[in-house]
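Just one chain follows, in the form predicted alone, and it is written as structure tokens.
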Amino acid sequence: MGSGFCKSSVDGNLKYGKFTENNLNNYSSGNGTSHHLISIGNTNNQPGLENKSDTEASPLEKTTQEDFQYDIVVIGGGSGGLACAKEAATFSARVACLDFVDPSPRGSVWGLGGTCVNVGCIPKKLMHTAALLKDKVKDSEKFGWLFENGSITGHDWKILRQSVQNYVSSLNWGYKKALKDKGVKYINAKATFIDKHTIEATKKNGNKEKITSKKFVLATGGRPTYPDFPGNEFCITSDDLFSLKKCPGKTLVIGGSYVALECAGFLAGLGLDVTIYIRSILLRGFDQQMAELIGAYMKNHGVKFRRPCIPKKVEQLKDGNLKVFAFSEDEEIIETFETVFVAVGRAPCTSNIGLEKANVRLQPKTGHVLVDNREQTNVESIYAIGDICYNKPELTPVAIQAGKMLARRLFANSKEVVDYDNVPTTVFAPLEYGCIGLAEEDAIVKFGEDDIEVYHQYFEPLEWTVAERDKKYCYAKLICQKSKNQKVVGLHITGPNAGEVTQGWTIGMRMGATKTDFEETLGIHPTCSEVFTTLYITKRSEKNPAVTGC
């Protein structure tokens, strides 16, 4: 979950298709750079942002609190926006939540709930689970299960798609009901700022209304970006994949992001022919040793990699298939696929919604909103949470926490702010990868190699033993700072259920756990998580960390 190359013309229209004016919680301008950038002040020190507007108040702004229609209006109905709106309503605030989804270039739309629920975490993990079930069925023969016809006969994409979409639709309905039950006014409309206390809401039928509020919260998230090459209009993104009516078939995945690896992984697990084109490294921003383990596991399980490889053009053939032209180490590659899926990054949805009229400052290169440690922009009446915030983790739980805490500060006199250190996350690749804290490379940069001790071990999940799976991929390591009593500053694991394992250790990391604390913690046997209680081999010792037994 965490992250462009999409190009757009000066007026904000994608090269391959003109778009109407987008709102804040929908499609961005593409390359992550807003076309309404405000002059940046103190960009290197976000907490130092001045919490006041640099413009003279308009007549609409010169009102008393009683003149505003709402105490707070949340723009964006994703995880963070919904959490903020519902929390604010519990304190008797007058709350409205606006949400509107502009179609993707391929025409995909969805309901209330944002990226995670509709085109992200939820459908992704359900399809990941579908792929894992294939391996479990195969393993079951070694555990004594008998099959009349010997093996699985195939997979029905339509059944999986419909089952996933049915569940997602139930969540969409649930969110609407939750807003109503909390007394939040839900408005399905695009929002454009007129000034710092006023927006114009445009509904699907074109009807417009002005809405005033004492406070606004930007919670509009991001959208996938597109590579800049001819034929990118034939590609799909995560906005489209989970609702495809037809099985993707032979698929090319472009990118080395976590979205790319997760989607390539479950497509291959469903039995499809999958190739990944990667410009340079896997999982940029993550621990590179762990990233390479994931790549090796996927390659060993049928995913083909071309690396380094840069796509140059996509052509649609008469039969509907796609011919892809690329270069790999000065060699021209020409291959044909049924689907080309791009996952090269995401851009914040901050363009073409009037932020310049409210004088909200953005990061000039990426278009992200600049906020301080209280999620406040440079404008006293406007806040921002979630993926649109500059230099914040782009994760659903982070947005939810930020939304709740912001509402409590605004309406319940709370002083608590989000702790952005030791944020746990998991990459749901075929071999799951969970982590908390610093990557090994980052720890060395921050503390120096001499002050870092890395404890590591390969391990074999018990359920993999009878199934005779390869034991060289499940791996755990703790990164410790020697000068701080071996305080654990990074935890990393690849293996089954890595997300569940990682979540359990997060509280210890937040409380400053040391290597001794891990050693004195009793493990649950036999589990994968217990490996962290028994690590003793250091990288510095150069001893072999191979699997030694249960």
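This one's a predicted model, so the numbers in the text were calculated from it and none came from an experiment. Quick note: we count residues from 1 along the sequence shown, nothing fancier.
As for the form predicted in complex with a small molecule, it is not shown, yet the points below apply to it.
Exactly one of the stretches 207-215, 329-337, 135-143, 79-87 approaches the small molecule in the predicted complex with heavy atoms within 4.5 Å, and it is 79-87. In terms of contact with the small molecule in the predicted complex, the residue from Y455, F242, F459, Y175 that brings a heavy atom within 4.5 Å is F242. None of V274, V379, L410, V119 but one reaches within 4.5 angstroms of the small molecule in the predicted complex through a heavy atom, and that residue is V119. Among heavy atoms of S238, some come within 4.5 Å of the small molecule in the predicted complex. Taking non-hydrogen atoms only, T198 never approaches the small molecule to within 4.5 angstroms in the predicted complex.
Proximity of A399 to the small molecule in the predicted complex: non-hydrogen atoms within 4.5 Å are present. Contact annotation for V101: at least one heavy atom lies within 4.5 Å of the small molecule in the predicted complex. The putative spot formed by K124, A219 and L395 is fully lined by the small molecule in the predicted complex; each residue has a non-hydrogen atom within 4.5 angstroms of it.
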